[in-house]
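Before any questions on binding or motion, here is one chain by itself as structure tokens, the form predicted on its own.
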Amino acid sequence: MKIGIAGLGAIGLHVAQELDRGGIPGCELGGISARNADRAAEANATLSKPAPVYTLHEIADHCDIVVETLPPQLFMDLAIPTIEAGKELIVLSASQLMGQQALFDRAAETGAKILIPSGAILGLDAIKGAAVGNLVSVVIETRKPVAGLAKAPYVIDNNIDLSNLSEPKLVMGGAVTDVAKVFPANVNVAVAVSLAGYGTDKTRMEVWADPSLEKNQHTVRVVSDSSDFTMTIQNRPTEENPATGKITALSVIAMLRQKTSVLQVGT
């Protein structure tokens, strides 16, 4: 299978390099798309064999699967032509799928598939299983170091004082649908949790500033008729971008490896 990489930041470049070195059996790097020619050249310089460079509109024509690791504002520039081409789209910007039923409907018509890897969150398989029965509540609690929230527009606009905190402070809580409007850069994991189970209107999200933390921490709490469970993850940042966890790129690689594996573990 030919894999296209759209976006060559910490996630996209790592996946491209893994494909380049033959680390994903049955897959090869079919092409890349970057914000400009210089960035594409920089990425190709790290590969043993330079990959073809395509625009967001044409990469799906040359690849079987396209991995999206783009700034949110560019998402639809890639998603629409990939869906029209009937290809598989692996989405990291899960928040951009909110309110996109028309995109799902079109994928059903063209035979395209939209896949969301686990990324920086955990337990999506358990949530999917519980959702086959009856969910009672799903809450995702995101705790961030104070510095990670102090300059957020919502915090500034609402005069929320995060200085000299001695204990965690709830900055905002509500349905994922509502929190996404205020913290668009922090809800990809929450949307993934929502789409696995209860939907963005019923899944609750809490954003906390926590002076005891040095890394982002996500906790998911689920109550259902089949099981109750709580899961917590702290992600180590990449060297290239402190805002991106190392496990995110690794989860994409794991998803691609599963495509050709004779053994598949998990729902």
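Residue numbers run from 1 along the displayed sequence. What you are looking at is a predicted structure, and each value in this text was computed from that prediction instead of being measured.
Below, we refer to the form predicted together with a small molecule, which is not included among the displayed structures.
Please name which of the stretches 212-220, 23-31, 196-204, 44-52 has residues with heavy atoms lying within 4.5 Å of the small molecule in the predicted complex.
Only one stretch passes the 4.5 Å heavy-atom test: 212-220.
Looking in the predicted complex, any heavy atom of Thr177 within 4.5 Å of the small molecule?
No, no contact at 4.5 Å.
Does Lys144 reach the small molecule in the predicted complex, with heavy atoms at most 4.5 Å apart?
Because a heavy atom of Lys144 falls inside 4.5 Å of the small molecule in the predicted complex, the answer is yes.
May I ask you to state whether Ala79 is within 4.5 Å of the small molecule in the predicted complex, using heavy atom distances?
Ala79: no, not in contact with the small molecule in the predicted complex.
Is Asn235 one of the residues lying within 4.5 Å of the small molecule in the predicted complex, judged by heavy atom distances?
Asn235: contacts the small molecule in the predicted complex.
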